[in-house]
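Just one chain follows, in the form predicted alone, and it is written as structure tokens.
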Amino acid sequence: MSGMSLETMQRRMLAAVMQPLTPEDTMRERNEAGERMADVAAEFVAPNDRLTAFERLEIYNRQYWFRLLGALGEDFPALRRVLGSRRFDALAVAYLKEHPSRSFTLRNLGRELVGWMRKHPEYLGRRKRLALDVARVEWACVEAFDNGELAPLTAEEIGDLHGGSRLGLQAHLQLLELDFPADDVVLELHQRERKGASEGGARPEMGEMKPEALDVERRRTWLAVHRADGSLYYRRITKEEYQTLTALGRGLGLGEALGAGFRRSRIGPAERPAALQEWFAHWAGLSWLTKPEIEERA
């Protein structure tokens, strides 16, 4: 220990603490380099009259993983129920090995999870597409709850819109195209989570949980997740609304965005003005439309 620099000591301890646990939730006897963890611990941890250096380091190793796994479980409780606790924990450990916490806040821990799940379908069991959709809805909830809020367009600004107008979308608005009605699944499973809490309001321990028996038919669903008055809301939207809003979010002018929105649409030309009037009334009422970012920066 005496010949080790502070930086080297910190890096050695960080690697030891971040090392995955055994299936029994204990610290591994050897690290990936084959070193005995008892020897590694002795480099920077002193024993005391009750615990060896290994045992003292194991406390940090276990708490690191328990905290991260708990945080992912709190952000993705419906996914955990869809997969079951064993499969979810295996997925979480594998994900965190590739994407360890890099932020000062655990809020960002699941940022890469959906993309990682697409690359590693072997962790998703039989209901791969449903699991992906559930994870996408749950991460959209995190983004919608935490993202900022921009000044919405005024009624006068909306009245002045024309085909070349460029619009921005509210920062907390999340738009999803899903293979399943996963918003219903998430709502149902979140309600079961809340019912599992004690009468005192405390969360129960995350014990073993079998996969939920769900009867969900595959059905293309378009969803907006947004925030209003500090609360989260889901709103089903049409395919045309989704395509229009995502086109606006990409920076297309209003005319081009509407062209993209009605591409391959069953809504006939005669019915489109009424549909547009209804859409804009909802979007304006929910404050989804803003000035584009480039105008905000200017």
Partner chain sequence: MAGNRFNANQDHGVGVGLRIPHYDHIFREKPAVDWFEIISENYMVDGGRPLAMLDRIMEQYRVVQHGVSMYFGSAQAADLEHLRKLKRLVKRTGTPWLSDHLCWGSVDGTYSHDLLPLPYTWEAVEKTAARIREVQDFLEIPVAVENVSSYAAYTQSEMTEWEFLNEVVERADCGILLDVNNIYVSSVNHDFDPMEYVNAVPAERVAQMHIAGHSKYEKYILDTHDHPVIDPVWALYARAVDRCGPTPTLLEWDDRIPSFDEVWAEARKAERYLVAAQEVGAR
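Quick caveat, the model's predicted, so the values are computed rather than measured. Numbering follows the first chain given and starts at 1.
The discussion below concerns the form predicted in complex with its partner chain, not included here.
Proximity of residue 13 to its partner chain in the predicted complex falls within the 4.5 Å heavy atom cutoff.
Its partner chain is not drawn, but in the predicted complex it has a heavy atom within 4.5 Å of residue 64. With a 4.5 Å cutoff on heavy atoms, residue 59 counts as touching its partner chain in the predicted complex. Among heavy atoms of residue 86, none comes within 4.5 Å of its partner chain in the predicted complex. Shown without its partner, this chain lists 252, 42, 260, 267 as candidates; in the predicted complex, only 42 has a non-hydrogen atom within 4.5 angstroms of its partner chain. Against its partner chain in the predicted complex, the set 90, 178 and 189 makes no contact: no member has a heavy atom within 4.5 Å. Of the candidate stretches 127 to 135, 142 to 150, 160 to 168, 76 to 84, only 142 to 150 has residues whose heavy atoms lie within 4.5 Å of its partner chain in the predicted complex. Although its partner chain is not shown here, in the predicted complex the stretch 226 to 256 places heavy atoms of 227, 230, 231 within 4.5 Å of it, in sequence order.
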